[in-house]
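This document opens with one chain alone, in structure tokens, the form predicted on its own.
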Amino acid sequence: MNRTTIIATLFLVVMAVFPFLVDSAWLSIGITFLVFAVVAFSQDIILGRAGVFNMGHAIFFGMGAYTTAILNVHYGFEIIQTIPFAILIPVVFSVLLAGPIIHLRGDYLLVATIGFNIIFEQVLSNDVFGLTGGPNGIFGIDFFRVFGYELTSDTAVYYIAFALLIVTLLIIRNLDTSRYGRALYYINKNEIAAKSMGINISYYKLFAFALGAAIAGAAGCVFAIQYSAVSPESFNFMQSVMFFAIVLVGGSASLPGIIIGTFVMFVLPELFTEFKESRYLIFGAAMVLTMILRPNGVWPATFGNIPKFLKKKAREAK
């Protein structure tokens, strides 16, 4: 059992008993932490593993939330019935949006995704087709029901978010050990070398976009359940900046790094309420210091390094 597995196990054990250790205010913070951790992990698939500079990830998060809200409030769907749509619609749009620009690199791709996020926010704010509720958003989202039981308590919502986090971690673990994960790693390190090995660059990048969008959409559904409402400001460009920064500061493709980044951004302000209004300033300063002192992130990943037994054989051969 490696260090990351031990840390993940301890983290999941603590989070499993967290609702029994805190009051209602901190339970709400715990739900938000879990939801945003899931979104950050989904961004990490695109940015940390595929190396795609995506600064519009709040789009997919928002699509999941608004899909649940629209289908439930306007069309009477049960929350559980909206989940497949909250996952599939972001996937479809991720492919449609990323398809024409996936060949772009670095700053060019960054600017394109920023533009998409701004357009998305404007679409929500202008109440397109009379479905999004305009600047005020959509209120009155129903409770989550399963097998006739209403899951109305914060504890129930917490464990829904916790279950989604576990599923997300399992998906990422399987991804890292699959040929898709290896292909994304090679693309991230050197696209030219990866292409020379016969790896279809565009296909795997689109795959990363679609998978990240699916997970973010599911998190958006839980977000809508938590607050029983959605509004455009929850999915604006600054939210995308936060998810982007969490991956860079925490450490690309690093499970502990993403958790630390999410904690610093969304939980730490609650510990120091006097700085809550200045969280962007605090996180900006943290980004600058991290890039200077630890350019690979607070907890950089070691995925892809040469295995120790091969290093040992190389030394013996000398």
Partner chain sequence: MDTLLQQLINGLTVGSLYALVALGYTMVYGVMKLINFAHGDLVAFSAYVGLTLFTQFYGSNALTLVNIIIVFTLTAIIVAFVGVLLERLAYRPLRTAPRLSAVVSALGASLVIQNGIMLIWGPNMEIFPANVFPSTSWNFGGVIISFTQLVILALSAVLMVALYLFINKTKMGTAIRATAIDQDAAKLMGINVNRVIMTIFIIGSMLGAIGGLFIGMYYRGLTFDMGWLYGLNAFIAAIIGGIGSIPGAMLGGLLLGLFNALISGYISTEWAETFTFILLIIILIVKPTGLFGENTAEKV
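Keep in mind that what you see is a predicted model, and the values were worked out from it rather than measured. Residue numbers count along the first chain shown, from 1.
Quick note: we don't show the form predicted in complex with its partner chain, though the next part is all about it.
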item	value
Candidate from 159, 143, 108, 77 lying within 4.5 Å of its partner chain in the model of the complex - any heavy atom	108
Contact residue in the model of the complex, from 227, 207, 186, 116 (heavy atom within 4.5 Å of its partner chain)	116
Site test, 12, 166 and 235 vs its partner chain in the model of the complex, non-hydrogen atom cutoff 4.5 Å	no
Contact flag, residue 171 vs its partner chain in the model of the complex, heavy atom cut 4.5 Å	no
Contact label in the model of the complex: residue 198 to its partner chain, heavy atom within 4.5 Å	no
Proximity of residue 291 to its partner chain in the model of the complex, heavy atoms at 4.5 Å	yes
Contact flag, residue 244 vs its partner chain in the model of the complex, heavy atom cut 4.5 Å	yes
Proximity to its partner chain in the model of the complex (heavy atom, within 4.5 Å), stretch among 209-217, 86-94, 151-159, 124-132	124-132
Partner contacts for 39-65, taking its partner chain in the model of the complex and a 4.5 Å heavy atom cut-off	47, 53, 55
